[in-house]
Every structure is written in C-alpha cells, then in structure tokens.
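We begin with a single chain expressed as structure tokens, specifically the form predicted on its own.
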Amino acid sequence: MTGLETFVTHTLHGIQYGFVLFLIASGLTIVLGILDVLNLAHGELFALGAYVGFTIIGYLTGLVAPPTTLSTQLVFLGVVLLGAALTAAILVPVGVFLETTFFKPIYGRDEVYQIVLTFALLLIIKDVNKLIWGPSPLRLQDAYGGINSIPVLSRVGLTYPTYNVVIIVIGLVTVAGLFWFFNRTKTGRIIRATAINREMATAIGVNTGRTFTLVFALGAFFAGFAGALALPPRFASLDMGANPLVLSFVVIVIGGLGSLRGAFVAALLVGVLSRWAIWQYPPAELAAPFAIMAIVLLVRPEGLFGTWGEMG
C-alpha cells in the first residue's frame, strides 16, 4: 500500500468513525439543548441498541440466502440495514418510557438530581443487558464479512471495508435529514423554538411536555441506530457504552453545547484527526480526542458554534 493509499484509508476510517460519533452525539446534543439534561445513560442506550440489533439482525440474516453472489450480497445488506432501522424504532418507546417515568419529575431541579438519576439509569440498563443477553461479548461477524464481500472501492484499486462506506453514506443521509427536519418542518421549528426560548414557546401554545417526550425519543432512536450500525465490526459488550458516552461529551463540548451543526463538525474533526494521530503515533488513541478539545477550547471557549440559537 502506497503512502497516498494509506492516507486515504486512514482518512476514510476517520470519516466513518466521525459519523458514528455524530449519530451518538446528535441524540445527546438534542436532549441537552432542549431538555437541559446531561443524560449519562445515553451510552447505555447505544449499548442496548447493539444488543437489540444483535438479536434482530441475527434473526433476519438467518432468513435470507448466504451472501455468495452480488444479488444475495445486496439483499443481505438491505436486511442488515432493515434490522438497524427496526432496532432504532424499538428504542423509541424505551426513550418515551424513560422520559415520562424518570425525567419528567426532575425538570427544573438541581443538576445533582439529574446526574444521580441518569447514573442510576446507566447501571440499571447495563444490568438489564446482562440479564437478557448474558455477560459474554456478542458479535455478528457473518454480517460484517457478507457486506464487505460487495465490491465498492476495490473497483478503484482501494482496499477498504464496504460496510464502512455504507456507514459513511448513511451518516450523510442522516445529517441531511436532521438539518432538513429542524429547518424545514413545523415540528422541527417547534423544537428549535423551545430550545431557544422555552417560556416564549409555552406562551404561544407549544405543548412543551409533548415536545420533551418527542426529543428524548429522538435521542434514543439515534442512540439505538448507532448501536445497531456499529455492531457488525465490533462486539456487543456490557462496557461498550462508556467510551462512546465520553467521546460524545467531547464532541458536544467542541461543537458548542446544544448545537447540532457543531456536533456534526466536531464529530468529523475528532474522527479524522484522532485517526491521523493514531496512524502516526498509536499510543495517542486515548489522548487525541481530549487534546483536540483542549486546543479548540483555548481558541473558542464556547465551542465552534455556540448554542442552538446559532444553529441557523
């Protein structure tokens, strides 16, 4: 592999990693921007999505022919994506239940209550995962290998996993869909208005309670979707929610608390720069995202794009 091919490969790894981070951080950003709640259990919703995805995708892929030809490979890919979408849909009522049962009573209370509650939910969800799926890591290796057998970048002479290309494409579609939703739809504008000025939104007749439930369900949807998409190349394990949660905090701090546009730019920035750093110096894997955050905050303490009011 030439130097240019190595550079392109690591850059693509960074972009793919950035889009997965954005899928996770977008839900956390929306919840923080609207509900003003720092949800420590968000990483466990990501893990729950991976476990549910393991069950659903594993079942659905068992119903179709093995990916031995191009047509069966494409069918296999479609089934995996369908399983990820179903997983995200299942996480929606989970989010609704958590918001209406646990979060609604603590709105407006001291942040300590939020931290204690969300940390407790983190532990509860982790134990639920352990109770249902057991303590051993789970993996969908067949799904990952089946999709990677589809020739995509190999046609241009680049060796790169097809599944990672699929995640990049899905990430682009998701970003476009989210910005369209928040800028072009009535519901999205109501959510933005609630984020910018909750009292004014209430005064003009917005049902903030329903908006809060919708927002939390949306956050759970994207956490579950990210978990299901991230599953094939990795293991579903009881500890898999911790690292994405920490990196999501890094992303939203770099982008600006509550800024969706900032979360997108920051996720790609962290993804690409951290992968470049690891390429050049592997021990930098843990420090790279935090070094990026420190540099950005030294230049712009409020983050790259500020708050939801600057979303544009």
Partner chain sequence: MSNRSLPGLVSRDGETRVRVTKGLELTKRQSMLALVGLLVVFAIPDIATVTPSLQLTVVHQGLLFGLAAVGLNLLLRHTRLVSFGHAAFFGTGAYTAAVLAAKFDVASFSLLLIAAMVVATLVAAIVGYLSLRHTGLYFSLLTLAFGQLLYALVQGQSFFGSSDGLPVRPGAARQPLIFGLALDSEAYAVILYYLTVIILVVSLVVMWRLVNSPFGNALDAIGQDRTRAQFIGIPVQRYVWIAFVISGVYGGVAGALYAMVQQHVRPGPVLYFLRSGDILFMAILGGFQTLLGPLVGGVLLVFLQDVGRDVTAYFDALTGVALLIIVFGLPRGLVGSLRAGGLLAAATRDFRENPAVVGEWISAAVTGIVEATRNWLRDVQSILGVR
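Positions refer to the first chain, counted from 1. Just so it is clear, the model here is predicted, and its values are computed rather than measured.
Quick note: we don't show the form predicted in complex with the partner chain, though the next part is all about it.
- For the residues P105, P137, G78, G177, the 4.5 Å heavy atom test against the partner chain in the predicted bound form is passed only by P105.
- Of the residues given (Q73, N164, T194, T213), T213 alone sits with a heavy atom within 4.5 Å of the partner chain in the predicted bound form.
- Heavy atoms within 4.5 Å of the partner chain in the predicted bound form map, among the stretches 45-53, 247-255, 63-71, 263-271, onto 247-255 alone.
- Heavy atoms of R109 reach within 4.5 Å of the partner chain in the predicted bound form, making it an interface residue.
- With a 4.5 Å cutoff on heavy atoms, S149 does not count as touching the partner chain in the predicted bound form; it lies far away.
- Proximity of I278 to the partner chain in the predicted bound form: non-hydrogen atoms within 4.5 Å are absent; the residue sits far from the partner.
- Though the partner is left out of this view, I57 does not reach within 4.5 Å of the partner chain in the predicted bound form, counting heavy atoms only.
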